[in-house]
Every structure is written in structure tokens, then in C-alpha cells.
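Given next, in C-alpha cells, is a single chain: the form predicted on its own.
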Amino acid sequence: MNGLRGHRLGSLDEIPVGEGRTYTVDGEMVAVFRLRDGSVRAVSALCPHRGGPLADGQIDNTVVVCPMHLFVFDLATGCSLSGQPDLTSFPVGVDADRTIVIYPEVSP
């Protein structure tokens, strides 16, 4: 992610370890999760089944579980592990100031 300009979302400290928060990026709702291993992940904020708020779901270091109907999604890829349409995953990181940054997609 070096050299890429991204959308600065807010301080990493705004998200407790093991939880998620929803941000709006270019009109799209994005759920950002702070994992227990210290990494961050970002996926579409709404479950494709019925619009459940994924930032409120249970997470571990690999998946988020929708709080409404318990559908499971991979946090790194957005892939559904329970038969629903996949989520969009977003490149995300934390800069030197501990600010969460969503990076643009890079075309090959």
C-alpha cells in the first residue's frame, strides 16, 4: 500500500479489538474490523441476504457472522461460506498515525 493515497476513515482506536465499525466511503457502506491479531479487514457493510449490519456481527481472525441470520463471510476475500452472494472486500491498512485507510483498487 506504499505510495497509494486512500480514504482516511478515522483512528484505529475508535474500533475496540475484536469488533467492527461502519464507515461510508464514496457513498458505499464499508464494515471495518479490528482483529485480535492486530490486523484490520474491510468488507461490504450489509449482508446480501437481508441487509444485516455486518459490523455488529461476531468475528474471529478469519470470518464475520451476520448478526441477523448467521450467514458467514471470509474477512480477507468477502467470499460467502454459507451459500449467500459474496461481499466486496476492500484493501485496508493503518498508517503511521494509527489512522485506518481504505486504499483504491489497483488496475493491473
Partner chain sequence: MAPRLVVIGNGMAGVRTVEEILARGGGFEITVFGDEPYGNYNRIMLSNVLAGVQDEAGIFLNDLSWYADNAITLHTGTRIARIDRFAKQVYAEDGSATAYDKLIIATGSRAFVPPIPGIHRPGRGYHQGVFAFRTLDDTRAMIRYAREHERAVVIGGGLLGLEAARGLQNHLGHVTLVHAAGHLMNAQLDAQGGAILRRSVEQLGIDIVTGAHTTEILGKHEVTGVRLKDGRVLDCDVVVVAAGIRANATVAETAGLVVERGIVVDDQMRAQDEPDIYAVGECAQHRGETYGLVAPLWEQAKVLADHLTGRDPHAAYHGSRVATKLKVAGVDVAAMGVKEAERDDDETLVFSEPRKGIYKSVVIRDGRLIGATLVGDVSKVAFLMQAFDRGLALPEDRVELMFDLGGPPAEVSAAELADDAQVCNCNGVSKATIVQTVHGGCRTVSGVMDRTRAGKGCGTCKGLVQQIVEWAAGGEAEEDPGASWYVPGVPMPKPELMHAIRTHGLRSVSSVFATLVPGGEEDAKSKMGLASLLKMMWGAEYVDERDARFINDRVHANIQRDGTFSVVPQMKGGVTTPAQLRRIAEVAERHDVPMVKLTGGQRIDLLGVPKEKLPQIWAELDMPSGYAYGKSFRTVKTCVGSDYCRFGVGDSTALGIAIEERFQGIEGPGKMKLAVTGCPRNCAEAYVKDLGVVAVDGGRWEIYVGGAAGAHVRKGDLLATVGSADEVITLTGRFLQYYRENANWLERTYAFVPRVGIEHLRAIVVDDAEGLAADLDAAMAASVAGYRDPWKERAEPVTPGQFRTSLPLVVLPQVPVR
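Here the structure is a predicted model, which is why all the values come from computation and not from measurement. Residue numbers count along the first chain shown, from 1.
Just so you know, the form predicted in complex with the partner chain exists too; it's not on screen, but the next bit is about it.
The shortest heavy atom separation between S82 and the partner chain in the predicted bound form is within 4.5 Å. By the criterion of a heavy atom within 4.5 Å, S44 is excluded from the residues contacting the partner chain in the predicted bound form. In the predicted bound form, none of the heavy atoms of A76 sits within 4.5 Å of a heavy atom of the partner chain. A residue is said to contact a partner when one of its heavy atoms sits within 4.5 Å of a partner heavy atom; D86 fails this definition for the partner chain in the predicted bound form, lying far away. With contact defined as any non-hydrogen atom lying within 4.5 angstroms of the partner chain in the predicted bound form, the contacting residues in 29-55 are M29, R36, L46, R50, G51, P53, A55, given in sequence order.
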